[in-house]
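Presented as structure tokens, the chain that follows is alone, the form predicted alone.
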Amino acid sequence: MPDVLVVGGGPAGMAAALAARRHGAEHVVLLEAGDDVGGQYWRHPPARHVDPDEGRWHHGWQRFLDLRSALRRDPRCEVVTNAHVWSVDRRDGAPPLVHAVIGEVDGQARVPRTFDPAALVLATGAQERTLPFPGWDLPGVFTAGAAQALAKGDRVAVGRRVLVTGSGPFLLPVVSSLVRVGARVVGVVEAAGAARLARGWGAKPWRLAATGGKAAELAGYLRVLAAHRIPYRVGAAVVAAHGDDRVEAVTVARLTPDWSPVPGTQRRVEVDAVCVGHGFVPRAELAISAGCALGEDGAVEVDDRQRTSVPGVFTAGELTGIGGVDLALAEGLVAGAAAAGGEPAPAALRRRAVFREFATRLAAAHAVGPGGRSWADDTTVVCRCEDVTAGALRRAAELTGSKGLRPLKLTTRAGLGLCQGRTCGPAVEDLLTGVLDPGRTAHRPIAVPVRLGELADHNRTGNREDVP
């Protein structure tokens, strides 16, 4: 039984595991679904594809190498890669049992493991959010994160003439990576308007000095934009994509402050790929299954020691709110120390405070505007797995009179396809805001796909009496 079990090998999870060891945990286990730690932020090619210049692709690469090296050197810290946590079992007054299968996703001989930790740290990160618009399901339309993953992990450009659109600073590293793999980026279109950006980032600007390297990072991205003469437009968005077999052009429109398209401002831009990202949402399936209380924004609520509402369960990183790598690292240090029964270092607490303020600015400047719901017309496919349109969702909600998410899913099949609502869930909730009762599509007892044979072989009977 581990003293501390950490789920998620990104920056928050790595920091938490090391902090737990340094504060007295005798046995720490870190579970990571990928074949290496680092998460999406430090995503890199497989070990067999060594790139001596890998550091050029990342910010804080040496920090990652130091963290990974420390984890590997510690014999009492077990790092388990290709570990897919698919379920947790709640228990009264104790952290939940954690069930995982170990092995490659497509492997035929994955090994089941169940963990009974004294303390559990959930650091499962976030997933992308994309607002649907006509044509967004065409080949050649990528999420910004997918484009980034292909560039950083496989050195592949999603297209030769690419437009990047959405909201938030994440668009800038995507542009940088696309340029590095040979794509021509024809523009960046940021949905937040100038006034909102000024309110979000411009209030008490001297306090941003405490964020250290953020200014240098931003300057680096601006140099890329300038060197490649990439226009950066604010207060606008891609509201339609066009093409027969794949995207050939997009329509860009100016937006009102609430993100509604301004009539008569549309213009067509020829592209062969478009990257879209409207921020992130916490990946909260396991936290919800464990019984952790969530805030209105879907983030897990924590106290000053990263404790959740469930005894013995802590969280860190994007799961507590979208704030970036520095906040994730600081929260990981606090959560790991507290999970081991120690007192977090004052420096970690100070950095957490600094980057929580940074996260507040991020939300103030780039949060999705309600006018974005109007981008999807009735023919726009929202659930791409089951081909469910926005019109079908609206009609079903109106005809059934049901405000529950479950009847809507069963009536329309939205969220019942291969992704199980991971992609379309936030979009469905946004589209029917004010119609559905509050409820999150992230309620998913089986968090990742598992085979029926693996379920049948899994021995859970010894713990079932503990499940409420």
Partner chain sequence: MTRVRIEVDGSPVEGLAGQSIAALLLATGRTSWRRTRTGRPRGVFCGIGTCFDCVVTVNGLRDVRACQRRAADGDLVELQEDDRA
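Keep in mind the model is a prediction, meaning the values are calculated, not measured. Positions refer to the first chain, counted from 1.
The next section is about a form of this same protein that is not shown, the form predicted in complex with the partner chain.
*Asks:* With heavy atoms only and a cut-off of 4.5 Å, decide whether His58 touches the partner chain in the predicted bound form.
*Replies:* Answer no; every heavy atom of His58 is more than 4.5 Å from the partner chain in the predicted bound form.
*Asks:* Check Asp258 for me: does it contact the partner chain in the predicted bound form (non-hydrogen atoms, 4.5 angstroms)?
*Replies:* No - in the predicted bound form, heavy atoms of Asp258 and the partner chain never come within 4.5 Å of each other.
*Asks:* Going by a heavy atom distance of 4.5 Å, is Leu418 a contact of the partner chain in the predicted bound form?
*Replies:* Leu418 belongs to the contact set for the partner chain.
*Asks:* Is Asp245 close enough to touch the partner chain in the predicted bound form, meaning at least one heavy atom pair within 4.5 Å?
*Replies:* Within the cut-off, so yes.
*Asks:* Using heavy atoms only and a 4.5 Å cut-off, decide whether all three of Gly107, Gln127 and Thr423 touch the partner chain in the predicted bound form.
*Replies:* Affirmative, all three are within 4.5 Å.
*Asks:* Tell me which stretch of 194-202, 319-327, 335-343, 378-386 has a heavy atom within 4.5 angstroms of the partner chain in the predicted bound form.
*Replies:* Selected range: 378-386.
*Asks:* Just one of Arg254, Arg373, Arg91, Arg283 has a heavy atom within 4.5 angstroms of the partner chain in the predicted bound form, so which one?
*Replies:* Of Arg254, Arg373, Arg91, Arg283, the residue with a heavy atom within 4.5 Å of the partner chain in the predicted bound form is Arg283.
*Asks:* Looking at His27, Arg413, Lys403, Arg63, which is the one with a non-hydrogen atom within 4.5 Å of the partner chain in the predicted bound form?
*Replies:* Checked against the cut-off, the match is Arg413.
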